[in-house]
Structure formats: C-alpha cells, structure tokens
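Given as structure tokens, the chain that follows is alone and in the form predicted alone.
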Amino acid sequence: MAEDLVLDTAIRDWVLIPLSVVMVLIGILRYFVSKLMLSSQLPDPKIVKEGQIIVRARNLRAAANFIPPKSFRSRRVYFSNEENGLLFVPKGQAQNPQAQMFSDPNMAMDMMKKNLSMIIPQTLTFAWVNFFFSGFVAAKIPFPLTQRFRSMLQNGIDLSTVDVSYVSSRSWYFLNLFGLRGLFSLILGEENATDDTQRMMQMSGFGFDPSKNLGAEKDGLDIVQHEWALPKFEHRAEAVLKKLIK
C-alpha cells in the first residue's frame, strides 16, 4: 500500500518555487537571446508570393457559391490551368527544401543558432537540477493516478511504496520544461521562440516544400462542386421570415 508523505514547507520554499521561477526566467532569457542571435534578412519574395496565391485560392473555395458559375469557372482556370495556372508547378521546378537550406548558409546558420539556444540552456539547467535538487519529493498532484505515470512523475526516486501522485524534483523540471508553453504565450505572445516541443519537431526536418502546398490547393480547387446560392436566397429568406412570424 502506498504511503502518505507530509511534505516539509522548506521543500516548497527552497525547491519547488525556486525551480519554477528559474525555469520561467530561463525561458524568457532564451527568447530574447534567440531574437538577438537571429540574422535580420528579408523574406524570399517567391515564398511570399506563393503564400498569397494559396490564401487567394482558399478564399475562392470558401466563397465559391457566392459568385456566378461562369465567374467561378474562369477563376478556377486562372488558378489551376496546367499551362500557366498559378497553382500549377511543373515536376522539374519542384524544389527540395533540404537542398534549399544547404544552399543558403544564412538559413542553416539560423537553424544552428536556434538549436544551440535550446540545447545549451536545457543541458545546464538539467545539470543544475540534478546536482542540487536530486532526490526531493517536491509536490503532490491532487488527484489519483495509475502506475503508468510513476516513471514520468517520480524520476530519480526508486521507491515503489510512494504514491504515484507525488512528483520528484527532476520530474517537476521536465513538467515545467514542456508545460510552460501557455504561460510563455501570455507573457511573450503567441509567436515566441520558447516552444521546445515545436523545435524538436523541426529538428527532424528542414522546412516545407511549397510545391506540395500549391499542388494540394490545386487538387482541392478542382474537386469543388459549385452551386450558386443566389437563386435560393429568396426561399431561405422566406423560410426565416415564416419562422420569425410563428
């Protein structure tokens, strides 16, 4: 049977609160350091143009039923024509995003700076936590958990008799590391550089292929079934008025 522990208030004052405050301060500091390390460069006009084309095509799909059939067909041909359509990308012109990154030294350098700004603070912080706070039971979760959460919440504590709801100091570090995204979004804004989970996902790939986005949008526009909504507006207005009168 799991044992109930009485946590000392000194652990709260000298382990739990300092660890949480340090993690928040390190995240904010890393955000500003990342902004200083990034090189100021103008966006690629081609990428901006392709993004605007995709936005226009999506707006056309969303509002397709509010324009006449002839106007919709002419706009769809303008976007998806296989000779000179804006969404058509020939097979030979498709770019490999990895090759594009390696050909641009500034882009590769920016990615290396982002990775260093993530790895170095995490390594130093984990070493600090492991040296000073290893072995502490820092907090308790106010609801019961199954045994599957023991390895995640009690990292560094090898006691099977302790209830699963107790959290070790090392596990509290990892919970703060991956759980402060919402707080950083409130403090630094939605587009902040402290989202470690997103960075780890970006480390597996070097970007996106614009030709795939254009091709997907072209396929979506081709399968749109146009149905002009104007002739039915009178019937809809009549049905709404009848409901209001009743």
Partner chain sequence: MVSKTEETQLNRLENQVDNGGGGAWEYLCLARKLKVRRPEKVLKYGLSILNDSKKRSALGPEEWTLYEQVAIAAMDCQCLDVAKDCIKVLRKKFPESKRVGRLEGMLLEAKGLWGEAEKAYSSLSEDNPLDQVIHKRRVAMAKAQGNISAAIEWLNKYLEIFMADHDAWRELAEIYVSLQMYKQAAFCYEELILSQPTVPLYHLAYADVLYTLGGLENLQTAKKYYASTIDLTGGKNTRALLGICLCTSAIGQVQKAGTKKTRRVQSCSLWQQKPWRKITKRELMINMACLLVF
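It should be emphasised that the depicted structure is a prediction, and the values quoted were computed from it without experimental measurement. Positions refer to the first chain, counted from 1.
Just so it is clear, the following notes concern the form predicted together with the partner chain, a form of the same protein that is not shown.
For A63, a non-hydrogen atom is located within 4.5 Å of the partner chain in the predicted bound form, even though that partner is not displayed. The shortest heavy atom separation between P45 and the partner chain in the predicted bound form is within 4.5 Å. Taking non-hydrogen atoms only, V55 approaches the partner chain to within 4.5 angstroms in the predicted bound form. In the predicted bound form, the partner chain sits within 4.5 Å of a heavy atom belonging to E234.
Checked against the partner chain in the predicted bound form, the candidates I223, A10, L25, L230 yield a single residue with a heavy atom inside 4.5 Å, and that residue is L230. Comment: the partner chain is not present in this chain, but in the predicted bound form one of N130, Q122, S165, S71 has a heavy atom within 4.5 Å of it, namely S71.
The stretch in contact with the partner chain in the predicted bound form, judged by heavy atoms within 4.5 Å, is 63 to 71, chosen from 25 to 33, 213 to 221, 178 to 186, 63 to 71.
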